[in-house]
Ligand code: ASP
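A single chain comes next, written as structure tokens; it is the form predicted on its own.
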């Protein structure tokens, strides 16, 4: 007998037919004698629809506390409907909200972090031989307010439960049957990988691959939880295993990703003196703006430029935060560009292979795609290009490395 944690995304439980399909997947593992915990997201586009309702009432933006109270209802609907569907199969089942499942978080509404999980209730239900259905994406803070973990938070909920209960298997069901070398909807020649390392998956997730939430990959690596990414539509097809070490020689490039949720901000003509960068990024941190690529020019004539990227939804917040420093920073101008996207290659093998960057840049040059910004690390190279050329850039780079 094994303890299995299964997570199903919103598309997997979008309607009654899909709910029954998921119930039968759960039934198979349960009848094989396993303990089964299921983490579920809100159905289909429910979260987006709830947010649309909220902003139709308050276009300037409702408080994040009230937004969390609203959107958490989506998961409550999903767990109850899935539990009802499992009941029709004659199986014992119980649905639990995040707080009932023991999730305690901090008080950063809409982007809360898990503080701890008390698994007592889950263990008690498993002891009764119940299938346990848990609402992903949510928890309770010290004020007994409902909080949410941010987009993709149900993946994090599933991995957290698997780590606390030391599950034998953690499966993430999506609408694709594994992790591909690129988004197969954009790159028709993309291939599914049998396995991938945590670091490679984390980079791909951070860089725009939408298969797994990056926080869930971080947690899986920290606690040594192997993940399997597979499709709820074809559960019999083996998925992609995400783990610490893969059983083959490191591939040069593992995958290519595109992220369109990017805005570039440049502060031009800053004073070239110590502490300037600190003032900029301290202010952004206080505004809870996550910064990705950071570039600083070489000082000239006593000034320098700083360019960085943020997610498109945080662009206005970042700009307003920098404008508040205008009197102390004495910069010449503040410019931003939302018509960019980030294309990246990822692979641990590139650490020991020269010429990877040149090959990527050659492919983009041959396709007459201009590179606006470059950022590198040991296992990734990212470039910013015009958003209109993003899909073509993804394809030509993928083809260049024969993925």
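The structure displayed is predicted, hence computed values, not measured ones. Numbering follows the first chain given and starts at 1.
What comes next is about the form predicted together with aspartic acid (ASP), which does not appear here.
What is the one choice in 42, 346, 343, 37 with a heavy atom within 4.5 Å of aspartic acid (ASP) in the predicted complex?
So the residue touching aspartic acid (ASP) in the predicted complex, by this definition, is 42.
Select from the listed residues 119, 152, 235, 269 the one whose heavy atoms reach within 4.5 Å of aspartic acid (ASP) in the predicted complex.
Result of the distance check: 152.
Check residue 137 for me: does it contact aspartic acid (ASP) in the predicted complex (non-hydrogen atoms, 4.5 angstroms)?
The answer is yes: residue 137 has a heavy atom within 4.5 Å of aspartic acid (ASP).
Only one of these stretches, 144 to 152, 298 to 306, 125 to 133, 320 to 328, has heavy atoms within 4.5 Å of aspartic acid (ASP) in the predicted complex; which one is it?
Single hit among the candidates: 144 to 152.
In the predicted complex, which residues of 59 to 77 put a heavy atom within 4.5 Å of aspartic acid (ASP)?
If the 4.5 Å heavy-atom criterion is applied to aspartic acid (ASP) in the predicted complex, 59 to 77 yields only 75.
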